[in-house]
Structure formats: structure tokens, C-alpha cells
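What follows is one chain in C-alpha cells, specifically the form predicted on its own.
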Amino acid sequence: MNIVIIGSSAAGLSCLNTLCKISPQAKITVISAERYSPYSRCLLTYYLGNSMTEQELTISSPSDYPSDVRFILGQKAEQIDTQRKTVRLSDGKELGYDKLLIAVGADAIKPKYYAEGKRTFTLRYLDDAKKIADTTKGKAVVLGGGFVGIKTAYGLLERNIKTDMVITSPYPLAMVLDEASARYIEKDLVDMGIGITTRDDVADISLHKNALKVYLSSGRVLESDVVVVGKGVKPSVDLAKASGIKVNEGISVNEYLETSAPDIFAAGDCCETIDLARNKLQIIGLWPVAVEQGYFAALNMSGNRSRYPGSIAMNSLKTKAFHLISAGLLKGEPGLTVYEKHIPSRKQFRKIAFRGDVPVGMAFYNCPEEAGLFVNLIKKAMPLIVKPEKVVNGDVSISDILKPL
């Protein structure tokens, strides 16, 4: 069997590794638009913060794989002919396939003022991180107050760069947390030395005689070496669209991760799968979720029919000052009951959201011990067998949660 995998990040690499174990006879070609061996994109902020080297980011090398596995690096897949079952590359060459996986991930959102000529970048790929590191001397502005924006700002701070964040929302992580909870994160970031401006946005960016100025809607002007845009990502669907494959917000797949085209699968940030907390199709752009999907895609491509059960959004934000773990759904939907406890003296809070008696979301700040258990409860839609008030108060242990009191 001749298998082509487009994309060498989390989903593509997981699919490849699984296929090497369960279908060692398959001939596999991996196509990547990047020129690098597979590396961990989710650790790019550590590279930016000088706490990881490029070598430490690297997950594997093409030489690690059997001779029947071929990597084509630095080439983009331009077109899929679903009738002839071929893929055309940016150099004009064509590859045939029996089974194909689209694992092209997502692209960073670039606002209208984005221009690398004005030293404005996103942080999605290793080349992005290198450009930011090479350009930044002493000052940086980060746009966006989500997980990506905060991790980027912290990475720059670790690089001893004076960093200002500009956030359009009233507070950081507004898509995930309520204001009272988010203020903990905001205060800790400010105490570490990160400047934070909320309820504001960029009106324009100018570069004149090597002086970069960021003009805000409020009238403020920030001077910087570089601007890093962390306004989220959008699924990369152009290849699928151009090839006649069904696309909604992301590539449409069924429970076996099959697309609308025969023998073509999709996995990772580019496709829509079931969000177990919301009980609807959603794009969950996270590394561990992409790894899961790549694994199930490999099973199904090899003929081992296995339904992908879905997953939930989850994230971890860890600095020297705090550790936040969140998962599932905490706000933005009617019918949720949220239990929470804030302990300012410990710089700590616990939040759990329920739909009926089933937990659907959680956020623990500086008390990560129970987080893994709650992620599993949410994914499995398992009712909590102890009173939620006892959990958020910290009055029960993990063993208490696992057995009736």
C-alpha cells in the first residue's frame, strides 16, 4: 500500500509512527512545506525564551525511519486529484497514493496591519521564532491575550525583552475565564514585568528610519523592535477546497476521520471533530488532540476500522509565577452551573462547570494535582460522585473523588 501524509507536525507524525508499527509493509511518503525535520511547534515559545535549543525542539529525523518511509521537505502540496489519486507538489512533480492523510494544521490569523516589512510577525513555525529572535533587541509588543499571546510574552520576557501586551478584550483569556479569575493571571503577568493594555487595539504600525511605532486606537503610541501577533489561528483548508473536498469551518470528516473524497483522511487542526464538552463539531487546535487523531487516522487507513471518540479543548499555562490548567467549557453557553472557590492568600482558584451532574469544564490555578482526573471525567461524561463544593474548596483528595464518600 502506498500512503501519502501531507504535514509532518503532531497529526502527521503520529499517523506515521503508528503506521510504521501496524503496517510495516506500507510505503509512506511524508510531505512538509517546512525544510526542518519534525519538531514540536507547541514548544516554540520555549525556544523563543532561550530555554530550549533547535535540536531540543526536534522530535525525529528522516533517518530514524525505515527505507520505505520517504520525507519530502520544503515542498508544498498544491493540488490533490481525487480521481487519479495523485498529489501535485510546488515543484510540479506528482505523487500517486492509495491512501492519503491531510494534516496541514492551521495558519496564524494575520490582521490588515500585518507586514513583515514592518517587523510584524506571527509565531506559528520555527522560521517565525527565528525571525523574532533575530529582530528583537530590547523591546517587543505582543498582540492578543489568549494562551498563545501570553506564552509568547512570557517567552520574550525570559529572553530579557521588555514586553507589552495589547489586548482588545477587558482582560486576558476572556474566551476561557471570567473576569475575577482572569485578574489573577493579569496581576501575576504584571508583577513579572509584562506591561498589559486592555480594551485597546492596533490602529496602525509604522517603520521609519529603523524606528518601529505601534499606534493604538486609544491614541497611545508604543515603540518596539518587533510586533508579534497572537490573534489565534484558522484551519488550513485551501488545499482541500481546491481539490473539491467538503469543507465547513474546517475539513469535514466522519467518525473514522474520512473526508468526502474516497481514501482521503484528515486529522489535526485542519479538521472538525466532535467536541465532547459542547457535543458538536468543533476545531480543537491542540497538540495532544492532533496526536490522538493522527493515531486513529492511521488505524483506519490501515483497515482497522476504529471510531474516533472526540476530545475536548484543554490547555496549560505555566510560568515561574503560576500554573493554570483549563479544559472543556466554562462559559459562553446557557445551562451551565459553575462552582468556584478563590483563595487570594494562596493565589489559587478552582472552577468546575457542570451540565446537569456531569462536569463539562474546569480551570485550576496553582493547584494542578487534580487536573488530569477532571479532564478524564469531562471526556468520559462521568458524573461527579462527591459534592462539587467540596472539590472547589479543596476538601477532598483524588482518592475521595474516585470512590463514594
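The first residue of the sequence shown is number 1, and the count goes up from there. Predicted model, so just to flag it, every value in this text is computed and none were measured.
The form predicted in complex with a small molecule exists for this protein as well; it is not shown, and the discussion that follows is about that form.
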{"query": "Residue among Arg278, Arg119, Arg124, Lys85 with a heavy atom within 4.5 Å of the small molecule in the predicted bound form", "finding": "Arg124"}
{"query": "Listed residue that, although the small molecule is not shown, lies within 4.5 Å of it in the predicted bound form (heavy atoms), from Ala33, Leu57, Cys367, Ala26", "finding": "Ala33"}
{"query": "Cys15, heavy atom within 4.5 angstroms of the small molecule in the predicted bound form", "finding": "no"}
{"query": "Proximity of Ile6 to the small molecule in the predicted bound form, heavy atoms at 4.5 Å", "finding": "yes"}
{"query": "Contact label in the predicted bound form: Ala10 to the small molecule, heavy atom within 4.5 Å", "finding": "yes"}
{"query": "Distance check, Gly285 to the small molecule in the predicted bound form, heavy atom within 4.5 Å", "finding": "yes"}
{"query": "Location of the small molecule contact in the predicted bound form, chosen stretch of 252-260, 138-146, 100-108, 209-217 [non-hydrogen atom, 4.5 Å]", "finding": "100-108"}
